[in-house]
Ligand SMILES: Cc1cc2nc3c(=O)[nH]c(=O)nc-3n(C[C@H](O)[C@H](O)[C@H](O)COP(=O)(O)O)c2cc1C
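Take a look at this single chain, the form predicted alone, given in structure tokens.
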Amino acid sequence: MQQTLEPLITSAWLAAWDKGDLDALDGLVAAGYTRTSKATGATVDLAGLKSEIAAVREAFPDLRTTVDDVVEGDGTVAVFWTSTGTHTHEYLGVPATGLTVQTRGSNILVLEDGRIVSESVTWDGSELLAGLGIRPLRGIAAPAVSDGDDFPELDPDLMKAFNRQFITGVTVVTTKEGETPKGLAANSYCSVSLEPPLVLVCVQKTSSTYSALFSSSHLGINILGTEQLDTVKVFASKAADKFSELDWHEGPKGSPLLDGSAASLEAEIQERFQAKTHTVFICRVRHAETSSTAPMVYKAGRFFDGAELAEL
């Protein structure tokens, strides 16, 4: 069986993944074919597989796959493969990074009358994203397993009311797209650790700065001072050039740092975690600046003078 199936499997596989000839799979699978990911448990039919291949090929148009081995079992065939491609278009919500990545996997094919009736695959899209330095947060993509208790979805208004009780500073996250400075206002910043010096910031995927952050190795985080209320308004807007009326200077790696800030830092992006509508960037601080300027304070949609806080 291996002598007749191995060339057929290999040729159809490479035609579909490397050349985009999705119809080459039609003669390989049986009616009712299913494909299950061991990583996520998700199952698709032949149409779903074709859609997945098309999405990967659009994001990695130079994709090249090597079938490393095909091993016959009792009514099964195991296919081991390696794929390499350059990320030049959006994939699973991640803007193009320009990075070339390599991923490996294996598929166990269940055969009946010489056709594939089902297969399980050890690879899924999140593994490819991991090669780009992007990881999904556990428990975000799929519902958490409970102890048998059914909990209703939390009322969004209650979550908003909770968030309004939390007081934060105000930051502007900056980077460059080529030679063009980019930035957005954010209050979802916190220090992760001092040794090593790690910080995190959450960025919404709809932000105009989002794609630039993915192609950057470093970013700047500026804690705004009490005299920078106009700066907040600029970065909360959709202005085409948010830096045209601002004074700023570059960090050692070129990240824009805003003059007049209470503090600024430049950090190397080390991890990117996907969390539905946002991406969490974990960064190692490489440069920091502080001043005597009092920080701006934010609570429930309003801004306050950080110098006027009453000590308890």
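It should be emphasised that the depicted structure is a prediction, and the values quoted were computed from it without experimental measurement. Throughout, we count residues from 1 along the sequence that is shown.
Omitted from view is the form predicted in complex with the named molecule, to which the following refers.
Could you check which residue among A96, A212, V203, L111 gets a heavy atom within 4.5 Å of the named molecule in the predicted bound form?
Going through each option in turn, the one that passes is V203.
Have a look at A185, V199, V101, V77 for me and say which one sits with a heavy atom within 4.5 Å of the named molecule in the predicted bound form.
After the contact test, the surviving option is A185.
Is the named molecule in the predicted bound form near all of F235, K238 and K242, within 4.5 Å of a heavy atom of each?
Heavy-atom distance to the named molecule in the predicted bound form: all three under 4.5 Å.
How about F303 - does it come within 4.5 Å of the named molecule in the predicted bound form, if we only consider non-hydrogen atoms?
F303: contacts the named molecule in the predicted bound form.
Taking heavy atoms only, is T180 within 4.5 angstroms of the named molecule in the predicted bound form?
Looking in the predicted bound form, residue contacts with the named molecule do not include T180, since no heavy atom lies within 4.5 Å.
With a cut-off of 4.5 Å between heavy atoms, is Y298 one of the residues that contacts the named molecule in the predicted bound form?
Heavy-atom contact with the named molecule at 4.5 Å: present for Y298.
Does the named molecule get within 4.5 angstroms of any non-hydrogen atom of S208 in the predicted bound form?
Yes, S208 sits close enough to the named molecule in the predicted bound form that at least one of its heavy atoms falls within 4.5 Å.
Okay, which stretch from 187 to 195, 102 to 110, 78 to 86, 153 to 161 lines the named molecule in the predicted bound form, with non-hydrogen atoms inside 4.5 Å?
Only one stretch passes the 4.5 Å heavy-atom test: 187 to 195.
For the stretch 19 to 48, which residues lie within 4.5 Å of the named molecule in the predicted bound form by non-hydrogen atom distance?
Counting only heavy atoms within 4.5 Å of the named molecule in the predicted bound form, no residue of 19 to 48 makes contact.
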